[in-house]
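Only one chain is included here, represented as C-alpha cells and corresponding to the form predicted alone.
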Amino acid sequence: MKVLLLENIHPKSEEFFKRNGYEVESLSGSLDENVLSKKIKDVHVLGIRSKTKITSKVLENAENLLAIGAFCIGTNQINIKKCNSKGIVIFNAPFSNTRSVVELAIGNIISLMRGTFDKSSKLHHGMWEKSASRSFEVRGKKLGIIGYGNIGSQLSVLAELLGMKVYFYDIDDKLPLGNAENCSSMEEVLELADVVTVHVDGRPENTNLISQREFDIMKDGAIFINLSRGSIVDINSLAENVKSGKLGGVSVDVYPSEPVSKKTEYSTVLQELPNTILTPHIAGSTEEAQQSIAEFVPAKIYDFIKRGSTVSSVNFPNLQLPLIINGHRLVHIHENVPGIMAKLNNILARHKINIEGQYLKTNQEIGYVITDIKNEYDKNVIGMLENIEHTVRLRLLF
C-alpha cells in the first residue's frame, strides 16, 4: 500500500502509516493538476489539506486509489461526485481543529473591539496612540453567529462566558447552547449584532452569502469576522464598507483565491485598511489541532482498508463493522439502484456460499454492502460479483 501525503501534514500521520506497514511519501507543498495526475497512478491513499485540488482529471488517473484523507474540515477541494463513481472513500477531520478556530475568533473579537491591532502597528512605527476612543469591552455586546455547527456552537459557549449576548442563525434546526437565542433569519442576526462572525461551509449556494445587501443591514460600526470560506463574502463590498466606516473592524483568514505556496507574494483589496486583521488561512493551524487531525484521519482510513468500516466518511454511507475470524470479507460498492442485493445474494446462493454476516447501508448515490463468508468459496464468484451491473468496485479484504 502506497501513501502520498501533501501540504506538510503533521509527521504523526506518516509515523502511523509506516508503523502499519505502508510505504509513505510526504511532501511539504501541494501539487498542481498535471503533476498530481502523473504521481497518483500507483497511490492507494492520498492525504491533502485545503490547497490541493482533486479534480476529475486527477481522479481519472487514480487507478489504485482507495481513500482520500482531507486533513482539515472542508472537502470542497475534492470532486466528490467523481470519487463516488470510482468507489473512493473520503475522510476529513470535522472536529479536530474546532477549538483552534474558536480561540482565534475570540482573540480577534477582543482585539478588534479594543483597536489593539492598529495601535500596535502604529507603535511599531513610533506613534504613541494612547486613547480610549473607539475602544470597547466585549462584555454586554451582542455576538451574531451565522452557522451554528461545531465551531459556531462552541464559540457561542465561550463568548457567553465573556459576558456577550449570543444570537445565531442556521439553515438547520439547532438546539441553542447556554442562553444563546436562535433567530428566525440571518437578517435578524445582522440587525441585532455588534459583532458578526460567519461559520458556514463552501457549498456553491453559500457563494457571496454576505454581500452589500447584508452589510447594509448590519449596525453602523459593527465588527465582521470570516474564518470559514473565502467564497462566502463579496470581498470588494467588504473592503468598501471598511473604507466608508460602515464596519468598525474586520478579521479575515480566508480569501476567494489563495496562493498554492507560502513563497508566493499575495495581494488583496483588504490590505492597508484600518482595524483590519488579515491572517493567511491559519485559524485551524495550531500544533494541537494538526496533531489531533494527524491521529484521527489515518485511523479512519486504516479501519476502512483493514475491515471496511466507513464511520465518519464524508461521501460513503457510515458503517461500523465487527472483526471477522476464520472467514473472508467482501466489500461491494455500487450505484444506489434497486435489485443489487438480490443479484449479489443470488450468486452466492447458486454457489452454495453461506453468509456469516451481511451489512448494507446506502446514501443518495452509493450502496455499500459488506458480506462475510466462510473460508472456502469458488474463486469464480469474485468475477461474477464484479460483473453485476452498476458495480463500482469490489474488494476482498481477507
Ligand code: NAD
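A residue's number is simply how far along the shown sequence it sits, counting from 1. Owing to the predicted nature of the structure, the values given are computational and were not obtained by experimental measurement.
Below, we refer to the form predicted together with nicotinamide-adenine-dinucleotide, which is not included among the displayed structures.
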Quiz prompt | Full three-residue contact with nicotinamide-adenine-dinucleotide in the predicted bound form, heavy atom 4.5 Å, for Ile106, Ala180 and Phe224 | solution = no
Exercise. Using the partner position in the predicted bound form, report whether Gly308 sits within 4.5 Å of nicotinamide-adenine-dinucleotide, counting heavy atoms only.
Key: no
Quiz item: Is the gap between Asp170 and nicotinamide-adenine-dinucleotide in the predicted bound form 4.5 Å or less for some heavy atom pair?
Solution: yes
Exercise. Look up in the predicted bound form whether Lys174 has a non-hydrogen atom within 4.5 angstroms of nicotinamide-adenine-dinucleotide, and give yes or no.
Key: yes
Quiz item: Might Val233 be said to contact nicotinamide-adenine-dinucleotide in the predicted bound form, defining contact as any heavy atom within 4.5 Å?
Solution: no
Self-check item: Sole residue of Pro317, Gly87, Gly115, Gly202 within 4.5 Å of nicotinamide-adenine-dinucleotide in the predicted bound form, by heavy atom
Solution: Gly202
Quiz prompt | Contact assignment for nicotinamide-adenine-dinucleotide in the predicted bound form, among Ser251, Ser156, Thr197, Asn97, heavy atom within 4.5 Å | solution = Asn97
Quiz item: Taking the partner as it appears in the predicted bound form, which of 292 to 300, 134 to 142, 238 to 246, 274 to 282 has residues with heavy atoms within 4.5 Å of nicotinamide-adenine-dinucleotide?
Solution: 274 to 282
Quiz item: Though the partner is not shown here, which residues of 142 to 165 have a heavy atom within 4.5 Å of nicotinamide-adenine-dinucleotide in the predicted bound form?
Solution: Ile146, Gly147, Tyr148, Gly149, Asn150, Ile151, Gly152
